Each structure stands twice: as structure tokens, then as C-alpha cells.
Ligand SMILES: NC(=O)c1ccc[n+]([C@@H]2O[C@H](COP(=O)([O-])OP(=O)(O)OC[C@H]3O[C@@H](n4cnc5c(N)ncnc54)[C@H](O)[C@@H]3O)[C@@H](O)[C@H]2O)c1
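Consider the single chain below, provided in C-alpha cells and representing the form predicted alone.
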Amino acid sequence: MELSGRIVVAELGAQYPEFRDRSVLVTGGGSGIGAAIVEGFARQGAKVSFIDIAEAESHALVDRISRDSLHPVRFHHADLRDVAAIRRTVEAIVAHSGPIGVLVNNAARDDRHDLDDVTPDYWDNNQATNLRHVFFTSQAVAPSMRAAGGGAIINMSSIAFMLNMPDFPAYSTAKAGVIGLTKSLAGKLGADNIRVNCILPGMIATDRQMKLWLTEEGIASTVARQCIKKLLHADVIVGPCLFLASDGASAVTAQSLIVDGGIF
């Protein structure tokens, strides 16, 4: 969970020895769900690299996690809307840490936008922020996974597009597109022993969500609709992500896993 800006990942829980010394890349890893995933893999002994655009938060995360990690966590500053920057960054990570065995395409921004205010430029930038980089980061990572004999890609979608939420049509479109892209990539890369799956988080109380969007009334309403009656924090995504990346999920691909406390 997040307390006073600090991300707290649940105690170690399941251990996956296959992650020890494995190169892992997380996009949008400087805060929120991404930071929890970075810490989760670091605790497994992986060589974790992450891409983010927020420098202060990312450096603070590296300083905190690396003290107790088998391998120092590496932060790479890059704008994921820049495809050339994605490719350069992936090349640098492979050169330093070896073939990437796990990619978590987490980066996104759920900015609210009114239907009448959306322009073509806004739409294109939103898709670049929330969808396009998922494809191009996967494309950049795939050759090193093939060379290593396989790997796992986990894409982050959202339940938002399933709930008829009116305040972010471009974001909802992108998150629906992530599922279609997941299934297509799974079909293409399966022959190379690369599995591609998707996680759909529900309402996760990150610092950003608490600051910008979530209210006491809204939280109470959503929790009341969940089978599990508790506010969900970023750590609840870590276990499903580790499992989907692990050898225990060796026959799981092209799947979408909803992690929302059982909203009904």
C-alpha cells in the first residue's frame, strides 16, 4: 500500500527462484502500481530496470529499494511516446543486464477529459501515452527474449472500459485496445516461447488517485460493490504479476486477469 508517499509491498509471500538474476523491465515504474511491481521483482533477486519520466520519484525509489536488493535497481529516464527513445533504452538495458526475460508494460495516465473537449491532437497523444508504447516496447524487447529462448510480457489494462465510465473516452479506448494487442502478441510470439498476458486492475488507491480523483464517498461506493470489502492498494497487483511472469504460468498466455476485489 502507499503511506505518506511511501510504497509498501506486502511481505515476501510466494518465492520464485527463477527470477533470481533475471533481467526485468517495468515501464512507468517510478510510482504507484509500477513502483510496487519494481519492488516486488527486486525482492525476488531480479535485475530490475524501469523506465519513467518522473525523475525525483524514480531516484527516490531506486535509493530506497537498492539498499536491500540483490541487484541495484536501475532507472532509465525516457518519454515512452518517443519510439526511438524506447529502442535506445531497451538496447542499453540489454547491454547492461542481459536479455530481458520479463517485460511489464505498466505506464499509463488516466487523465479525465470531456467528450466535447477532445481534439485530434489530444486523442493521438492519449493513445501514445496509454497504448502505442505497449506495442513498441514489446517489439523492442522481443528479439532479446527470442535469443534467450523465451520470456513473459504482462500488459496493464483496466476495468475502466468495462464500467461505462464517462470521463475518459480516450483512456478507456486505449485500455480496451491493450487487451486486443495482448491477444495478438500472444498469437505471434507464442512460437518463440514468449507468453503475453494482461492484468486489469480495479480501483487502486495510489497517491495519484488519492490526490486527484478519489473521494471518501467514491471509495465507500466502490468498496461496497466489491466482494472483498477493503480499499485496494498497489501491492495487490504484485502477486498476480509475479505469477504470470513465473514458470508456474508456463502454459498461460493470451489471458486477461481482473484484480478488482470482485466488483459486481
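Residue positions are given as counts along the sequence shown, with the first one as 1. Keep in mind that what you see is a predicted model, and the values were worked out from it rather than measured.
Below, we turn to the form predicted in complex with the ligand, even though it does not appear here.
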### Task
Decide if the three candidate residues Ser23, Ala85 and Ala148 all line the ligand in the predicted bound form, where lining means a heavy atom within 4.5 Å.
no
Of Leu80, Leu131, Ala140, Leu189, the only residue with a heavy atom within 4.5 Å of the ligand in the predicted bound form is Leu80
Give a yes/no on whether Ile33 approaches the ligand to within 4.5 Å in the predicted bound form, heavy atoms considered.
yes
query: Should Met203 be classed as touching the ligand in the predicted bound form when contacts are defined as heavy atoms within 4.5 Å?
result: yes
### Message
Since only the chain is shown here, I'm wondering whether Val73 would be in contact with the ligand in the predicted bound form (any heavy atom pair within 4.5 Å).
### Response
no
Thr222 near the ligand in the predicted bound form, any heavy atom under 4.5 Å? no
Assert contact_stretch over 140-148, 87-95, 190-198, 104-112 against the ligand in the predicted bound form, heavy atom within 4.5 Å, equals 104-112
Residues in 155-185 that come within 4.5 Å of the ligand in the predicted bound form by at least one heavy atom, in order, are Met156, Ser157, Ser158, Tyr171, Lys175
